[in-house]
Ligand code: PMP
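Encoded as structure tokens, the following chain is the form predicted alone, with no partner shown.
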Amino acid sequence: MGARNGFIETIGDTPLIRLQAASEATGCEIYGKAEFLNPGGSVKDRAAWWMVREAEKNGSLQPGGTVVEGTAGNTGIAIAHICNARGYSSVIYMPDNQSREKVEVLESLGAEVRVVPTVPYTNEMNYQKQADRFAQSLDGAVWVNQFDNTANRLAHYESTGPEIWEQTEGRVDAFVCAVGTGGTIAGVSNYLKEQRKEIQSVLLDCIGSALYNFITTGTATMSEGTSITEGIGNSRITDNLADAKIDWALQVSDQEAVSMVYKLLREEGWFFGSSTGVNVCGAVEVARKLGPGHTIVTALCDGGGKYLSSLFNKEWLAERGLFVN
């Protein structure tokens, strides 16, 4: 019957979905890896399990222990699910600029959630640094450190990349992905380029982040402005991203992402978050640059249900100068 045994075995092996309007508009085959169909609802299930599994293997996480992480939400949700399945406690630090729905989901899963003021990574009160200090202060706790823990990247090298290669029968021409920790694009791109070095890897960045400039100029300088997107963009180059095989980069504005999210909802029935809007915008742009006849793959990161108070609240959008077409 092909049955899977429990939560852990349900992670990964997600389908590849042809995006109809994007494909027809560009003359390319544009596919989305349906990461929203992971059991925890996002692409972060893969990284969370690989990081927890590595902590189990190296002995730093013992039965009955506690997993601590600083996260914009989806990694925390994945960790909370996995901790419940494996018998651990979870403590999640989140910056206060994330949707309230993510906090509510985490609390419903039984995680201890600590929402802290949003400050730059250089500030010692940054949510990631607070998570690190708390884990060090607690017996039996581990900080999984998704940004610099390369088990994150390994998850996509060992699972997502091979799945894409198999599902496209090796005909993929480009992988296009928004970046936060860098784990997804690094793992997938490094695997795909080992199969065929000509495959293009394209990093997508939001406004107010340093990653586009890093790929384009070699210097991680912040672009001006801010973004409503959650979980993507960064002010620094993480260990996961540092040696990723990336060919070029694109910036996607909030308005472009919002318009794409609503287009996918109204015309094709898909209910996605803003990072998926960024990804599909980027995939369309890459398809136009490469020309008709190419196969482009991106990630459909998570569903829209965690963004009802923000992305799917027209008053909230209007306050930020964004509109729904």
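In case it trips you up, residue 1 is the first one in the sequence shown, and so on. Predicted model only: the values in this text are computed from it and were never measured.
The same protein has a further form, the form predicted in complex with this ligand, not shown here; the description that follows concerns it.
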Quiz item: With this ligand left out of view, which of 257, 30, 51, 43 would have a heavy atom within 4.5 Å of it in the predicted bound form?
Solution: 43
Quiz item: Quick one: which of 213 to 221, 226 to 234, 118 to 126, 160 to 168 gets within 4.5 Å of this ligand in the predicted bound form, going by heavy atoms?
Solution: 226 to 234
Quiz prompt | is_contact(residue 298, this ligand) in the predicted bound form, heavy atom dist at most 4.5 Å | solution = no
Self-check item: Contact test in the predicted bound form: residue 312 vs this ligand, heavy atoms, 4.5 Å
Solution: no
Practice problem: State yes or no: in the predicted bound form, is some non-hydrogen atom of residue 189 no more than 4.5 angstroms from a non-hydrogen atom of this ligand? | Solution: no
Quiz item: Using heavy atoms and a 4.5 Å limit, would one call residue 179 a contact residue for this ligand in the predicted bound form?
Solution: yes
Quiz item: Out of 299 to 325, which residues reach within 4.5 Å of this ligand in the predicted bound form, heavy atoms considered?
Solution: 301, 302, 307
